[in-house]
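Only one chain comes next, encoded as structure tokens, the form predicted on its own.
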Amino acid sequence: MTWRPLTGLIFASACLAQQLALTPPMGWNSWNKFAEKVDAKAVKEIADAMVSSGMKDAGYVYVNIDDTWEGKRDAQGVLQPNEKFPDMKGLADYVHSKGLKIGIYSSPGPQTCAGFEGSYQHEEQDARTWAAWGIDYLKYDWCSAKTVYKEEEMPAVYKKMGDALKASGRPIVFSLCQYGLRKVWEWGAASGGNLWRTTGDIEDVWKSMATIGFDKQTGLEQYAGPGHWNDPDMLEIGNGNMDEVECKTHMSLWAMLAAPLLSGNDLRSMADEIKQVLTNREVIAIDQDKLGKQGFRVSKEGRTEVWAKPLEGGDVAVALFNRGDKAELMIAKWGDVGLNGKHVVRDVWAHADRGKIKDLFEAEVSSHGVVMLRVSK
């Protein structure tokens, strides 16, 4: 196996926009659970729950409001929030008072996906408004932009908002949401993006998560690194349609991908087993590793796959995934993950040391399950 070097393209001047998101962003987004029902009260309660649940201590920082917060523009063109969010500055202050950050949503088109006011022809004005409110993160969703722009204009359209955010005077993480169109990973950083969606929307079912995570990210690892991340979409952990085994696989795969970890469940009523999945410090450490390498598949046999992710200091994360419908005995060969000889192995879900193991690691992996290791030289 050959480690893949990062291409020079991603080191464009805009790639480390404002030196933000040097590790993949962690937080929460309202859409998966609340959709159009999100309001200021719910956002405050989620911020409270992020602290009380231990999510904040585990590294989750952003409380992100998705679509349906937008009202109308005033006579000067300044975008106002709607009645669900009567005081956006006050809400941002509340979230900040908890030691957290707040995010918001818009579109480069005239309307958002849900039909609310977009940022078309108001990019600089909206960026200044969000900065004045204290916003820390923007998700920018293509949606109706297709009615006013050609698809090939995407890089310039997103750069317009990227430049506006940089000129706003406030550091704001820029999340490009345009479903991986036109190979966004090749130009997202140069347009000011800190992360960019690589696929369509995730759904709370195994097949959607597995297809997006295992099949749609292959070959994109060269475009990820500190300040610019491939985004396979938000986490569906805890939303009810995947069991605990599948949720662990979801969390493990996103960590191996160095993906943003944005939970989408109701933190106020989170079951303990879901909290344990989302707050596993050893798995999070692999996602947040400062080397910033995205992991990739190193071997595949039938419905089983072994993935590797190089880590700071020479460690390697190794994940044995079983996508099949029955348990399988799996082997991870050290030679396939860039190692040889005897190495110290740590099982990060069992929180257990497995000793010094030579040449390969063998384990039975449950259906739709994972064994995830940190291997030290």
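Numbers follow the displayed sequence, beginning with 1. No experiment lies behind these values; they were computed from the predicted model shown.
Separately, the form predicted in complex with a small molecule exists; it is not shown, and the next lines address it.
Trainee: Scan Lys139, Lys101, His250, Lys293 and let me know which has any heavy atom within 4.5 Å of the small molecule in the predicted bound form.
Mentor: Looking at Lys139, Lys101, His250, Lys293 one by one, just Lys139 meets the 4.5 Å heavy-atom criterion.
Trainee: Of the residues Asp201, Asp74, Asp93, Glu153, which one places a heavy atom within 4.5 Å of the small molecule in the predicted bound form?
Mentor: Of the listed residues, the single hit is Asp201.
Trainee: My question is simply whether Cys177 lines the interface with the small molecule in the predicted bound form - judged by any non-hydrogen atom within 4.5 Å.
Mentor: Cys177: yes, in contact with the small molecule in the predicted bound form.
Trainee: Test of understanding: in the predicted bound form, would Met234 fall inside 4.5 Å of the small molecule by heavy atoms?
Mentor: Within the cut-off, so yes.
Trainee: Answer yes if any heavy atom of Trp31 is within 4.5 Å of a heavy atom of the small molecule in the predicted bound form; otherwise answer no.
Mentor: Because a heavy atom of Trp31 falls inside 4.5 Å of the small molecule in the predicted bound form, the answer is yes.
Trainee: Residue-level question: is Arg197 within 4.5 Å of the small molecule in the predicted bound form, judged on heavy atoms?
Mentor: Close contact exists here: in the predicted bound form, Arg197 approaches the small molecule to within 4.5 Å, heavy atoms only.
Trainee: So which stretch, 65-73, 52-60, 319-327, 333-341, is the one near the small molecule in the predicted bound form (non-hydrogen atoms, 4.5 Å)?
Mentor: Answer to the contact question: 65-73.
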